[in-house]
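Let's start with one chain on its own, the form predicted on its own, as structure tokens.
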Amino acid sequence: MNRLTRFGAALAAAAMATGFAIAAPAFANEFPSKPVNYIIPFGPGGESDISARHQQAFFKALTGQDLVVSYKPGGGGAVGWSQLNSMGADGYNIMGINLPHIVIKPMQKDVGFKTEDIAGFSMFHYTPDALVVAADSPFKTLQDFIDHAKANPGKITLSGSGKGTSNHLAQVTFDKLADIKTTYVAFKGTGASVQALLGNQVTAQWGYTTVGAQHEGKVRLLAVAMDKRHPKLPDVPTFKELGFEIVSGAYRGIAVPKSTPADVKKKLSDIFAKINADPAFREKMEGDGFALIDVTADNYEAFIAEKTKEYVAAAKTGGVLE
């Protein structure tokens, strides 16, 4: 029996003799020491779920513990986010978060949470917005689209995932920058939005880079809202290349209950930062059309503040906010 073991045994004996419980030393319970619950505030099969499933194996390899994914859908994420701070705040309950959802929703009405209630510790990727047309569309380039929109104000219809979402705000922003007028048609989710495009219900779609990755041969992306071209879609130009300052998309991250200890939050942030840095993980995510970013607990608040300014301006222009 070594000195540390003898010391622990002495503590236990003392506790039994006096009737008092003595807490186990911190090193005996290295975090995480059991599975971590990862709640997705949407239904299964969406991009938040896909991302979490990709993270599972890497989390297990790093920590030796399982990342258990479950779902709490409703209200476009609001049901889950409104309940986050009532969950156990020991680091074993984490929840997916999305932008612009956690910013715009509480500004529209009472949804049970405020943006500042969400204690994020990681924003790990975004799905870049993209202007998408069917493969047989007469629009071969972004300029073709713009020329037609200028000649036919309001007549181009574009499907998109919801109102006040990244797709919707991208449409508002691009219309303003290109000095055109188009008509946005909100659908319930990206899947329905894609089907509207492929079924010729709309002229084009404000979708994501993932649409190009998943529907190769059926669609054509005219431009993507990124700083640089997406590695999965090297032939598709960025809006910036074509003279339009748009870098946007649906950003995803993870939060914990607000009262979670700072050291535990930092440990989680470090774990997911390591996952994000793994070349195998990055290759898997980029293959699905995602774009990786690296926002940790240390710069989360500054990132949210910057994005909030962008979203509010676009939402007011588009009539989403007053």
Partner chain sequence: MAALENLLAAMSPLNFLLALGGVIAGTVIGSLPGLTATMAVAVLVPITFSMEPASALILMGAIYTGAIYGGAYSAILINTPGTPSAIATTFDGYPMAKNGDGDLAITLACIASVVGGLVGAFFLLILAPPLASVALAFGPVEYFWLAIFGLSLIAALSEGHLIKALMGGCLGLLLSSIGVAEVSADIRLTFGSQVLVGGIETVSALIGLYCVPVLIDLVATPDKHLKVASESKGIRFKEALAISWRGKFNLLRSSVIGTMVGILPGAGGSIAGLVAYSEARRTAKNQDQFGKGAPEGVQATESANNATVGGGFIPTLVLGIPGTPPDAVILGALLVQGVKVGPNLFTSESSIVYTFIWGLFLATILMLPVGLIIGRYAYSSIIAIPKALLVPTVAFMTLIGTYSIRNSTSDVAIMVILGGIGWVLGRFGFSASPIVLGLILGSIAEQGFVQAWTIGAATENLTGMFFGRPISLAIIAMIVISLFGPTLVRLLGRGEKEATK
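Note that the structure is predicted; figures quoted are calculated from it, not measured. Positions refer to the first chain, counted from 1.
The same protein has a further form, the form predicted in complex with the partner chain, not shown here; the description that follows concerns it.
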Quiz item: Of the listed stretches (194-202, 237-245, 139-147, 171-179), which one has a non-hydrogen atom within 4.5 Å of the partner chain in the predicted bound form?
Solution: 194-202
Self-check item: Joint contact, Lys72, Val111 and Tyr184 to the partner chain in the predicted bound form, by non-hydrogen atom at 4.5 Å
Solution: yes
Quiz item: With a 4.5 Å heavy atom cut-off, would you call Ala89 a contact of the partner chain in the predicted bound form?
Solution: no
Quiz item: Applying a 4.5 Å heavy atom distance criterion, does Arg53 contact the partner chain in the predicted bound form?
Solution: yes
Practice problem: Consider Pro261 of the chain shown here, and say whether it contacts the partner chain in the predicted bound form, taking contact as heavy atoms within 4.5 Å. | Solution: no
Quiz item: Hey, in the predicted bound form, does Lys284 get a heavy atom within 4.5 angstroms of the partner chain?
Solution: yes
Quiz item: Which of Ile118, Val211, Ala78, Ala134 has a heavy atom within 4.5 Å of the partner chain in the predicted bound form?
Solution: Ala78
Practice problem: Determine the residues of 209-225 with a heavy atom within 4.5 Å of the partner chain in the predicted bound form and present them in sequence order; the list may be empty. | Solution: Ala213, Gln214, His215, Glu216, Lys218
